[in-house]
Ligand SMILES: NC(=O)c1ccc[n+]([C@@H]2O[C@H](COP(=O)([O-])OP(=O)(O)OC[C@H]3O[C@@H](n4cnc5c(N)ncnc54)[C@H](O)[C@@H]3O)[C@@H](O)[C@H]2O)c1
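In C-alpha cells, the next block holds one chain alone, the form predicted on its own.
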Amino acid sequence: MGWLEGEVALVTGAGSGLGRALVDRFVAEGANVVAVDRSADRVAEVEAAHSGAVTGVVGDVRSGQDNQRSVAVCVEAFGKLDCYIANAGLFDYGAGVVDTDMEQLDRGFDEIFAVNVKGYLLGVKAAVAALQQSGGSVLLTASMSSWHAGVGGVVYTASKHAVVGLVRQLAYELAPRVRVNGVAPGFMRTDIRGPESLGLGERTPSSIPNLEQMATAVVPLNFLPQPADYTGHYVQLASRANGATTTGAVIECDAGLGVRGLGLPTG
C-alpha cells in the first residue's frame, strides 16, 4: 500500500518535467490526480498513461476562473481534494537587471510573477474551501533560487523568494485545518520554459550545453537529479501519516548546494 492510498491531489504544470513526475509518483502511491497544464497534448498524454486514476484539465494558472474550474473538475471526478500542488513555473535563464532593457524587464516581471506567484495564490484561493473540508494540505514548488542568488536572474530569484513568503503566510492563515509547505528543488533535467516577453518561450534547461557536467561540478552530491528524484519530498509532506506535524516549512533538496554555496569547487 502506498503512502497516499485513497487521497486526491491536483498538480499544476503537470504535463512535463517535475509536474509529470509528481503525477506519476502520486498515482504510484495510491492517489487519484487532476493534472492541469496549458498544453492539451500533454494533458492527453498524462491521462492516457494513467487511465482512470488521472483526470486532465487544460488551463492557465494565471486565470482565477481556470483555477476554480480545475478544482471543480477535481471534486466532481473524485469527490474531494486532499492536496493542492502549485508547480507551474517560468524560468528567466539568468536575465539580469543591467543587460535586460527596460521594456523587457517590465513585461518579464509581470509574466514571471503572474505564473510563479499569482498563479500559486489564485490556485490556493480556488482550492481552500475543498481543502478545509478534507483537512488537506498545500504544496508549493520553491527553488534553490528561493535561498541563493546566481542561479536564475533577478526576476526569477525574486519570484521564488516570494514563494517562501507565501508558504509562511498561508501556513499561518490556513491553520489548523490546512497544512502548507514547500519543496525547493535544485538542478534537474526538465523543460521549464522561459517567458515570451524575454524571447525565451522555447528555451529549456535541457538545451543548456554541458548541464550535467556543470551540475556535477557545483553540487556536493555530484550528480544531476531527474525530476523523479524530488518527488519523495512531496509525497512525505502530502502524507497524513508522515507529514501531520509539518506546516510552514520549505524542504531544501538541492543535492547539497545549500551547504557549499555557488562557488567553484576547490579540490
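For clarity, every value in this text was computed on a predicted model and none was experimentally measured. Residues carry their position along the shown sequence, with the first being 1.
Omitted here: the form predicted together with the ligand. The next part is about that form.
- Although the partner is absent here, Y120 is a contact residue: one of its heavy atoms lies within 4.5 angstroms of the ligand in the predicted bound form.
- Among residues of the shown chain, L18 is one whose heavy atoms approach the ligand to within 4.5 Å in the predicted bound form.
- With a 4.5 Å cutoff on heavy atoms, P185 counts as touching the ligand in the predicted bound form.
- The closest non-hydrogen atom of G153 lies beyond 4.5 Å of the ligand in the predicted bound form.
- Only one of 26 to 34, 214 to 222, 238 to 246, 61 to 69 places residue heavy atoms within 4.5 angstroms of the ligand in the predicted bound form, namely 61 to 69.
- Contact annotation for the candidate site: G136, N181 and H233 all lie away from the ligand in the predicted bound form (no heavy atom within 4.5 Å).
- Comment: the ligand is not present in this chain, but in the predicted bound form one of A127, L170, I112, A88 has a heavy atom within 4.5 Å of it, namely A88.
- Contacts with the ligand in the predicted bound form, taken as any heavy atom within 4.5 Å, map within 143 to 171 to S143, Y156, K160.
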